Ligand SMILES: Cc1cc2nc3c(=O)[nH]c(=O)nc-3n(C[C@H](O)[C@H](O)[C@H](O)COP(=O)(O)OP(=O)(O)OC[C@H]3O[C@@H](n4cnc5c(N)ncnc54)[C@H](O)[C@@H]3O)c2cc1C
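A single chain comes next, written as structure tokens; it is the form predicted on its own.
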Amino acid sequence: MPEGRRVAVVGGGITGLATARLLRHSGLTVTILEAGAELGGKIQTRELAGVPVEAGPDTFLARVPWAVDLCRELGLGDALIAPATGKAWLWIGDRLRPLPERHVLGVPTALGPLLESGVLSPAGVARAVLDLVLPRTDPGPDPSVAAVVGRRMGRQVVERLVDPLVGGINAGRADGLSLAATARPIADGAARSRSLVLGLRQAKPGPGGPVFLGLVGGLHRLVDRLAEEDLGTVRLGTAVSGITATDGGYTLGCTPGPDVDADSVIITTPAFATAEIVGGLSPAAASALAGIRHASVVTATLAYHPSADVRPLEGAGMLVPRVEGRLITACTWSTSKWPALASSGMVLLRASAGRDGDTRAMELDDTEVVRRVHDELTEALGLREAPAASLVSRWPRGFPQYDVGHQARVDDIEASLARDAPGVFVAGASYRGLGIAACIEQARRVAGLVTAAGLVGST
């Protein structure tokens, strides 16, 4: 591909930044267009009680190479840090129960830890054990998470174990999420054996080391370090209203102007925003993009004086099953997970609220969010003082829902763009993975496609 070839990257989150870096390394001319006032997307490190806290994700997946490798390439290898503990709890009824050891995304692979946890009723345990003797069933081409796990192990395993984990990661519901798109290890286990449990036991051991990693000082250091690289032209506060095909390329309508001419375009905005941008180029792609639903989430980080904490917080946090009906869906015990935060002299707890079909938290103002979250944490943890400080972050339509049929939908989007708008690509959390590592992997893939594509329309 000739040097000087122009590529517009729409969106300045981790996908867009990582893509721009790779394109610049290939000698392309790059313009990043970001509608917001800062780079990083959902990666936002703020300050509370004098220490850095994450308003968005606080870790990335470490057992795949993409995020770890990028951090090391940017000189952040020494700043990688693993959580101090991986132990988690489930808030069921009126007490916290340990998340059983030896599970895969909530599907238990050993009976002993499951019995000891008390998470399931005796009837629920008995139903789960039937997986070992039930005949093989055909789940169909793209079943939901709940359809496969529930058929093999029963409703309680879905509601009390799998939904809090898989549903929590996606802010979704196990009865709507595509197994293949959101829980590949479970899908692979189901394909290996008649029994889901036996199939999961047969999986090859993964690489050692921590499952997740963060960065000392906060994940925004990754964004800051990327911004220090030569990413081309970066325009903040610039919204893209649409794209028009020109002779051999595209013109992106920008507010405020000027418009941008490009030979190729990579759009990393959420699917609903991308649908509006490409509507004039590919109605079929726009229709499929608009069909990707999104859930809204609110996070509230609360800082307590140590005198307010009456229970030892032994673990990284707790999950709250949807069937419990509570406002919060999870709570990270931040100062236990990240001991360096204890330098604040406070106990930091970060709660999440909101998921697919539950907009209660989004409808509350910040003061009411803090009050409601504090009341529920008091019930769970026995707190006896109000928080001394708080930080509320809102993520409207922040979590794309990988519904049943999601992978086929994404394939259709990409095929429609290849047909109607060659040289226009999509990447990011709406498509082939939510987490930071998955977004960086998509950045590598789409940068490779652009680099290899040559001139628009060439063969």
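The structure displayed is predicted, hence computed values, not measured ones. In this text, residue numbers run from 1 along the sequence as written.
Below, we turn to the form predicted in complex with the ligand, even though it does not appear here.
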Contact assignment for the ligand in the predicted complex, among 404, 421, 28, 55, heavy atom within 4.5 Å: 55
Contact residue in the predicted complex, from 196, 373, 222, 277 (heavy atom within 4.5 Å of the ligand): 277
Stretch in contact in the predicted complex with the ligand, which is absent here, among 237-245, 355-363, 102-110, 145-153 (heavy atoms within 4.5 Å): 237-245
4.5 Å heavy atom contact, residue 410 to the ligand in the predicted complex: no
Exercise: residue 434 in contact with the ligand in the predicted complex, heavy atom 4.5 Å: yes
In the predicted complex, residue 264 touching the ligand (heavy atom, 4.5 Å): no
The ligand contact in the predicted complex: residue 35, any heavy atom under 4.5 Å: yes
All of 117, 162 and 329 with a heavy atom within 4.5 Å of the ligand in the predicted complex: no
In the predicted complex: members of 38-61 within 4.5 Å of the ligand, any heavy atom: 40, 41, 42, 43, 55, 56, 57, 58, 59, 60
